[in-house]
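Alright, two takes on the same chain below, each alone as structure tokens: structure 1 and structure 2.
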Structure 1
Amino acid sequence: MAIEKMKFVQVSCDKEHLNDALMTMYNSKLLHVEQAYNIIDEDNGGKLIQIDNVYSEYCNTFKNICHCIGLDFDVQTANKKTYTNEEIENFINELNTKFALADSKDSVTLNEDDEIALEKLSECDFVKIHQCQYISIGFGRIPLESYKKIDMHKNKFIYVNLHNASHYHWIAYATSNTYVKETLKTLESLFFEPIDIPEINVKKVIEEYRQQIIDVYAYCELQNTICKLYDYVAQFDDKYVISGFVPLSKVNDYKNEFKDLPVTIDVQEAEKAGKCSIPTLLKNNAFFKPFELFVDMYSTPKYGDIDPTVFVAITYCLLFGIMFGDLGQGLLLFLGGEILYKKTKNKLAGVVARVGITSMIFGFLFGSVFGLEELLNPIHQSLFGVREKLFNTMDGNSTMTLLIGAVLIGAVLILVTMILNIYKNIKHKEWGEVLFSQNGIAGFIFYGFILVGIGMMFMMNTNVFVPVTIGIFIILPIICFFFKEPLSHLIEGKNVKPESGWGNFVLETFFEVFEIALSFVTNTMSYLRVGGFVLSHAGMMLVVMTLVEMTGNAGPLVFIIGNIFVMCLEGLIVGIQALRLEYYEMFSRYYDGNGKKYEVLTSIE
């Protein structure tokens, strides 16, 4: 349960080394960088850097050119060179002229199939085709229906099929110059769509230009990135400052990144970062780490707050394990989840692997392996000395135990979340919340007393609900809930009188208190689902086993399919229900979130 301690780090340098400093920061992948407008204000005299980024346009132009000429490249293969803007623009013009892209408005964009056909035609060498003096050669696409009709004409040309797709054939035809008009008339009547044969072999020329294009593009991309990073630079006279947050454990690493640059690095406490809100980096061990997914999905905790990940992990595993108790299926979840987690680092797979473990534990305690309810009986008998098995979920006598157990777990979890809430509010010095809230001490006493009272009544036959205890442990907390707002104001030294007046206050608070009392009941009952799903899981497996018996030789297949079906369906439902309990029944009592996640720049858009 920890949130990594952060430091506010500012790197200052002169203009000459700014670009290098920015790229070092970007490549370090350690800084949660802050926008410059968060750093400057009227008092410190800082300025934003205003620049005209022409490189973004250059990059787009290069991308368009490469798309048009069909050039794919890897920017990693670029040589480190520098170019002036004039050189870049001249090179772009040269490419446009060479590949006839400047007047490409009227030209037809070639699709993938056109390219394939053209590639095949290029075997004849485009230059040689254009050099023919007495023979005319043409190329284009013709609809499938029309292709069948070519031979219906008394043709004065020969043709070859170069490529075909769902609607067209791509053909090249050749005819003597005498019959060009006639040939074109015939082909036109067959809805032939001519495509110009290029005058140069584009592929060959592309190869000539490939390295230069890559080099210039890489330079433009680098400059474009730097220009975009200027948003994070605050200018103070002739000093340029890059600010952000670095985890305490990484501060030295971050400093080392700049060791070859003449920069000044100022490390301060994160709290001194002015108007920047401090980002949160959760720090949990390998077992609990995947559960950060659930916490982030709800809301990242605020820096300085409690990190609920460990509590979420323990309770989620516990609830899932109880609801999905099966040794065999749990093992499969564990193995499947673990393999996937190792391969993809997908946090959900990690969660699946961990809940698989608790599923196995409870599966063992319930004596259930792939729905075989009696397989573990001998082990139970020897280990626990029981007659059949430790806990038979399908036994009618166990049902009430199961449901009461589920409610008890719920009640304990509700009490624990109240303690967490009290701890959180003590940390924030929110004394009103600590003392008078339904999730504070008043709520804890109220709910705890009722639970203990009911427990003693049923287990020890002792009634603790006498006027004195009711007055102290029930009525008094209710008065606290009722007057929480004015009492909190009293402690904080504010005006006790409610803003909306006493009349409105009493009316509103009456219903609120009623709702609080109701929510204690509904939240506790909500945990009944834990027991319900234990029964549902056992019931579904009973159906599978009955089907296995009914289907004779096909039994093993039904057994496998049934198990897969139950695992998928039940696993999904139980996963969602456990998460629901986390979010609605537990988080709503102690957790606010509203933090900002620690994120380093990984790409510039």
Structure 2
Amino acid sequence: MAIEKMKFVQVSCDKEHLNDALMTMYNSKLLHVEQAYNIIDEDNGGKLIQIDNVYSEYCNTFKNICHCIGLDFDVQTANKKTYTNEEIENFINELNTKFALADSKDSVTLNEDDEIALEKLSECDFVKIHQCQYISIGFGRIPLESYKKIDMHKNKFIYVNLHNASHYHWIAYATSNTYVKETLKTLESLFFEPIDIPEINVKKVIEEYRQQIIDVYAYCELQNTICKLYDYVAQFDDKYVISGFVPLSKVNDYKNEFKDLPVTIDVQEAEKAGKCSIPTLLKNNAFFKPFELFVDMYSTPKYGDIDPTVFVAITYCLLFGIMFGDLGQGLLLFLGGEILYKKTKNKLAGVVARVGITSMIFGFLFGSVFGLEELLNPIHQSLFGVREKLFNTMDGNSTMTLLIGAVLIGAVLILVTMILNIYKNIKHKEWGEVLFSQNGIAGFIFYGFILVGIGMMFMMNTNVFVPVTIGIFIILPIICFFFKEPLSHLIEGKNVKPESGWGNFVLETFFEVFEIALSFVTNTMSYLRVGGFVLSHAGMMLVVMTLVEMTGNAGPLVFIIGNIFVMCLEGLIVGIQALRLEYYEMFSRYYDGNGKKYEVLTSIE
């Protein structure tokens, strides 16, 4: 339940070493870099770097060229060379000319079979084919049915089969210049589809240019990245500064990245970063880490705030386990989630594995294994000394116990969220929220007293709701709710009188206090769904077991399919409902979020 401590780090260098410093920062994957305009203000005299980035267009041009000629490459095989803009542009023009890319918009896109046939034809050398003076050579594809008839018409030309597929044959034909028109007319009647023979053997030329294309593109890509990184550089006279946040535990590693460069590294407290928002990096152990997913889905906590991940993990596992209590199905959730999590590091799979553990625990307590409600009875009788099993969810007498237990769990969780809210506001010295809020001390006393009073009435037949206790523990907290704003202003030394006047204040606050009281009731009753889904899960498994008994020999298959169906459907519903309780009934009481997630540069768009 921690947030990684951050340091504000600034790297300064001269113009000569700026590009190296930028690439070192980029490749380190340690700095949450800040835009230069967040560092510059009127007092420090800094300025942004203005640069015309031509390399972005060069990169796009090379990508288009490679797409047109069908060249795939890996920039990691590039040689580290430098090029002038003039050399780059001349090379692009050379490629356009060599591959006739200026006319590529009018060319026909070849499919894989076309390429195979052309590859075989290339053995004759495309250049020599086009140099023939007295013989005309053509290439194309002809339908299978027409191909069977071609021998009937070949007295004016000869042909060779280059390739065949499910619907076509690819052929090359040769005829004298005298019979070209007649040959083309004959082939056209056979639905022949001509394909232009390239002027050159493209694949051969591609291989000749491959390494140079890779080298020039890699240089352009590097320069393009550097140009885009200039947005993060603030210039102060002849010094160039790259600023950002690094986790305290990684500061030395970040410094070591620059050990071979003549730079100055300044490390400060994160709070001294001026108008830069400090990013948040959650720090949790392996068991709780997958639940960061739910926290990030809602909102990243602010730096210096509380990290709710551990609380979310505990409460989510508890609620899911109660609602999905089945030892066998929980075991499958655990095994499936854990295997998937280890292979993919998908956090949702990690969550599934962990809720599988609590499902197994409550499944054992409920005595349920894949819907078999009596399988664990001997173990329960031995361990707990009960007549049948510890808790029978299908017994009608257990229904009220389930529902009351669910409400009590909800009440306890509401009180805990109030304590978390009090702790959070003490950290931020929000004393008005600590003392007078419905989620502060006043709310804790109000709600806690009502719960204790109701409990004593039912369990000990004792009435604590007398005028004195009502006045102290109910009316006084309500007064605190009502006058929270002016009382908070009084503590902070501000003007107590509301801006809208006392009349409007009283009218608005009356309805707000009424809503607060109502929210305590609705939030508590919302946890009834926990008991309801216990009964729902047990009921669905009862249906499955009934179908197993009705289907005779097909029973084992129905048993397996039924369990899979319940696991998928009930697991999804219970997962959503548990998350709803987290977000709407708990987060709303103690968690604000609105933080900025710690992110390092992994790509420049």
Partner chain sequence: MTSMAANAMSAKAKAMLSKKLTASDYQILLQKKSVSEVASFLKNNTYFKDVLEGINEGSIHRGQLETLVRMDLYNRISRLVRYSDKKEEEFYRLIVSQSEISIIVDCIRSFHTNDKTIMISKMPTYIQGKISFNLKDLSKADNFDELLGVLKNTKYYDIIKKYRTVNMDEFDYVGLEHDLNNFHFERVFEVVNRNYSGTARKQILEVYLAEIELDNIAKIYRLKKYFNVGPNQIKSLIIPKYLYFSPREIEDIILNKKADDIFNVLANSPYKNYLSNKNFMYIEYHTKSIFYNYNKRNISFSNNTDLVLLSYVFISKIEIQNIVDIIEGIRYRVAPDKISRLLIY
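Start at 1 and count along the sequence of structure 1; that gives the residue numbers used here. Here the rigid core means the biggest group of C-alpha atoms that line up within 1.5 Å when the two forms are laid on top of each other. This one's a predicted model, so the numbers in the text were calculated from it and none came from an experiment.
The form predicted alone is represented by structure 2; structure 1 is the other form. After superposing the rigid core, the Cα of A234 is displaced by less than 2 Å between structures 1 and 2. When the rigid core is held fixed, the Cα atom of I404 travels less than 2 angstroms between structures 1 and 2. If you fit the rigid core between structures 1 and 2, you'll see the Cα of R354 move by less than 2 angstroms. Summarising the core-aligned comparison between structures 1 and 2, the C-alpha atom of D125 is found to shift 4.0 Å.
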